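Encoded as structure tokens, the following chain is the form predicted on its own, with no partner shown.
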Amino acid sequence: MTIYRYDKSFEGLLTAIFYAYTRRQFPDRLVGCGEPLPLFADEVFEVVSDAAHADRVWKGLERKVKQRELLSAITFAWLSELPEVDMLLFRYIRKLFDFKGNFSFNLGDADVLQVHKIWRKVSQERLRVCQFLRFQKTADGIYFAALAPLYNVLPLTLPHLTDRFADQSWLLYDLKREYGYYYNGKEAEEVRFADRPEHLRTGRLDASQMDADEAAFQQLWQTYFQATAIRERLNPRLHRQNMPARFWPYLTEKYGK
């Protein structure tokens, strides 16, 4: 059994693919640094992430694959962070390179089908994050929103948010993964915090952190939400299906529910 050990980054995965083709030896397993090795490992190859090698692999994929959605499937599946997704993508990318002719989604192939399923799930989560974001205006004029998505979809929301809220400064934070993106009105950059104050654990600002009018706007939105609800047509099951309860703690209209 041949093992490739790497740093569990996307750049590292692409570097592993580069070395696999260079060495003409493909791994049976991928493991992260510090992870225990499986029994009966015949060889362990240490992969050192290399931006140039990774870029060469990605550009090779762009030349080989004419359908952009196939490349999107790779990045979306990677951001799922699901167990063994790296080995799944390794096999999938190898099939993209080795397939003769124009590759399309062959859902009869187990790996292709699995990547396709993950891609759809991550796409749906990205859409939900865009739908259920509720920004709160801070005392210093920055709009703050936080939630804990199932998958690591924050990078996928940036094109929409930087277009939709281009004239505002905002911070979008992932409570589960403890990082976010700050947009200064021109560009978005990844941010992490050494300390995690209360609002970076709950996703809510307290009164001292809010803009003077923020509490009034929140109350206005809650009143509107309640006033437009038709009690005779309430369908809790459908409501939870369309608006999963895991998002409720971060929704202004659901505060106190």
Partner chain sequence: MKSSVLDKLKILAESAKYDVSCASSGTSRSHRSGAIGSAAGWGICHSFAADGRCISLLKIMLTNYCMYDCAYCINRRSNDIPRATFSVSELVELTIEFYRRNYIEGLFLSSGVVRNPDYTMERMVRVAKDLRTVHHFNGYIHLKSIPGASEALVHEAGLYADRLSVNIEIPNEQSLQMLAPDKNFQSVFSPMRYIQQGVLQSAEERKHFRSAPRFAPAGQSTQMIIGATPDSDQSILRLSSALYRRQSMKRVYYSGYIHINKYDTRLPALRQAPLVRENRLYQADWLLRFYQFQVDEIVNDAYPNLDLEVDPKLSWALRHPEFFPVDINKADYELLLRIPGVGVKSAKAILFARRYGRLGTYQLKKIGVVMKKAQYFITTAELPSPTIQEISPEGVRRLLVKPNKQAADERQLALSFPDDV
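Note that the structure is predicted; figures quoted are calculated from it, not measured. Numbering follows the first chain given and starts at 1.
Just so it is clear, the following notes concern the form predicted in complex with the partner chain, a form of the same protein that is not shown.
A single residue from the set 92, 78, 181, 132 has any heavy atom within 4.5 angstroms of the partner chain in the predicted complex; that residue is 132. Segments offered: 223 to 231, 195 to 203, 55 to 63, 27 to 35. Contacting the partner chain in the predicted complex at heavy atom distances within 4.5 Å is 223 to 231. For the three marked residues, 48, 72 and 121, no heavy atom of any sits within 4.5 Å of the partner chain in the predicted complex. Using a 4.5 angstroms threshold between heavy atoms, residue 243 counts as touching the partner chain in the predicted complex. Heavy atoms of residue 7 never reach within 4.5 Å of the partner chain in the predicted complex, leaving it off the interface.
Using a 4.5 angstroms limit between non-hydrogen atoms, residue 22 is distant from the partner chain in the predicted complex. Among residues of the shown chain, residue 83 is not one whose heavy atoms approach the partner chain to within 4.5 Å in the predicted complex. Residues 235, 236, 237, 238, 239, 242, 243, 252, 253 are the ones in 235 to 253 with at least one heavy atom within 4.5 Å of the partner chain in the predicted complex, listed in sequence order.
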